[in-house]
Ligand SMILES: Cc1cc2nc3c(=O)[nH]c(=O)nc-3n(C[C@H](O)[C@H](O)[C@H](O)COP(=O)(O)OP(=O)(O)OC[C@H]3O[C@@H](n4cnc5c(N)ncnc54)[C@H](O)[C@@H]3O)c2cc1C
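Taking the form predicted on its own, here's one chain by itself in structure tokens.
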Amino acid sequence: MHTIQEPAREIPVVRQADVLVVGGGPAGFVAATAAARLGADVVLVERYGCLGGLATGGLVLYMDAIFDKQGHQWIGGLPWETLDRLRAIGGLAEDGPTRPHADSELLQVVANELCTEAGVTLRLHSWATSAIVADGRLQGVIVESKSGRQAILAPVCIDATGDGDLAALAGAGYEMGYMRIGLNLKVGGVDRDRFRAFQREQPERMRQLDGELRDLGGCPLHPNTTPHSDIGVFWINVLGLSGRDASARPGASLHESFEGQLSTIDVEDLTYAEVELRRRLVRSLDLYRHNVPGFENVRLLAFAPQLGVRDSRHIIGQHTLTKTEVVADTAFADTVGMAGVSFADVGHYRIPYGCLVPRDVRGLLVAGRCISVDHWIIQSVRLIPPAMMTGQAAGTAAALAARDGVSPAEVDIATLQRQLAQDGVILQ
């Protein structure tokens, strides 16, 4: 491969903080808020112009895994406070007490307010491109932005990038996971009641149209609730692409239906997914408009600004949570949060702190879908509220580590759990 040499240059250190959070998605903005509320000086770096990640820019609006199938609540703390704040400003739609859907635009506002009220320093439109590591300890990051190339230093960093970008840059070991890449959208002009009646009363015709849709390489369009459903505005969750082929095969199991080959850390695969999904979704909307009752007046309001990435790097931690442990309802001495499971009859699971502590790099915690779990339970861990829950755990631990001058691996677990419980986190 042809290469070039970059000249050496000095990079200005523009900020030193107690805690540096990279990634402002569901895990990141909660982590930053949690750390700052405990008195830490926190900087949050986000590559996009808004906070919330896939819950805002990705239009993933259903807040799944807060409850189990029986309706028991397993996630509290900052994730629950976020929903309460949304509800208070008309930013939450609920298909019953256990099925909340967030408004993507108002969630951006709530995330901003949580961070700024806590005293977090936000640096949006900034991309962490290099890790500053000495003797196996992460000491900060190099960021690129319109302001150029700059350094931010902190004794404790949190990788909340989703893809584990910072941890990988710092030399942490990881395993790759692959799932379908989607691209969610918002639509208007839909009469969902007529659509559901059509599904119920003409199942053979619906199956026939699904077959035509697959032949086109299209995507099924099932309208989901928003606070504006009363005027025909819905969000649509798109399963998306497994590879450079058509859509999911009928009859596949849950995990099989999500399997993919495209890499979410390969720019060519990401570019292909962006272009191809928009093409397929426009075709899908056209087919529905001309054939499906309730969609005659459908209008495309917005493609999600961010691809629906479900899986990529899993940073190898001090502990890896497995299906066997979840099914066995394993209790952990270092539990830092819980979540419900909607895809299996196991009820709930616990996240041990060891899943957030990388094995190979000191001074670093991970939060969100890049934590150390196996392919089975990632189906829940990757969802928005569990990501927020791990963010609160990581942010709290980071603040304690910075306060006590220790590495995240050395944080006293009993102290961490007491603080989390005091802040509303459900631990048992």
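Numbers for residues come from their place in the sequence shown, where the first is 1. Just so we're clear, the structure is a prediction, and the values are computed from it rather than from any experiment.
The protein also exists as the form predicted together with this ligand; that form is not presented, and the subsequent description refers to it.
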(message) Considering non-hydrogen atoms and a 4.5 Å limit, which listed residue (Ala402, Ala55, Ile377, Ala36) is close to this ligand in the predicted bound form?
(response) Ala55
(request) Sort through Pro352, Gly340, Gly162, Gly77 and report the residue having a heavy atom within 4.5 Å of this ligand in the predicted bound form. (result) Gly162
(request) Choose one stretch from 235 to 243, 314 to 322, 352 to 360, 68 to 76: the one whose residues place a heavy atom within 4.5 angstroms of this ligand in the predicted bound form. (result) 235 to 243
(request) Indicate whether Tyr174 is a 4.5 Å heavy atom neighbour of this ligand in the predicted bound form. (result) no
(request) Please check if Ala31 has a heavy atom lying within 4.5 Å of any heavy atom of this ligand in the predicted bound form. (result) no
(message) Since only the chain is shown here, I'm wondering whether Asp41 would be in contact with this ligand in the predicted bound form (any heavy atom pair within 4.5 Å).
(response) no
(message) I'd like to know if Ala128 sits close to this ligand in the predicted bound form, meaning any non-hydrogen atom pair within 4.5 angstroms.
(response) yes
(message) For the three residues Val22, Val45 and Gly308, which mark the spot I'm curious about, does each lie within 4.5 Å of this ligand in the predicted bound form through at least one heavy atom?
(response) yes
(request) Select from 370 to 399 the residues with a non-hydrogen atom within 4.5 Å of this ligand in the predicted bound form and write them out in sequence order. (result) Arg382, Leu383, Ile384, Pro385, Ala387
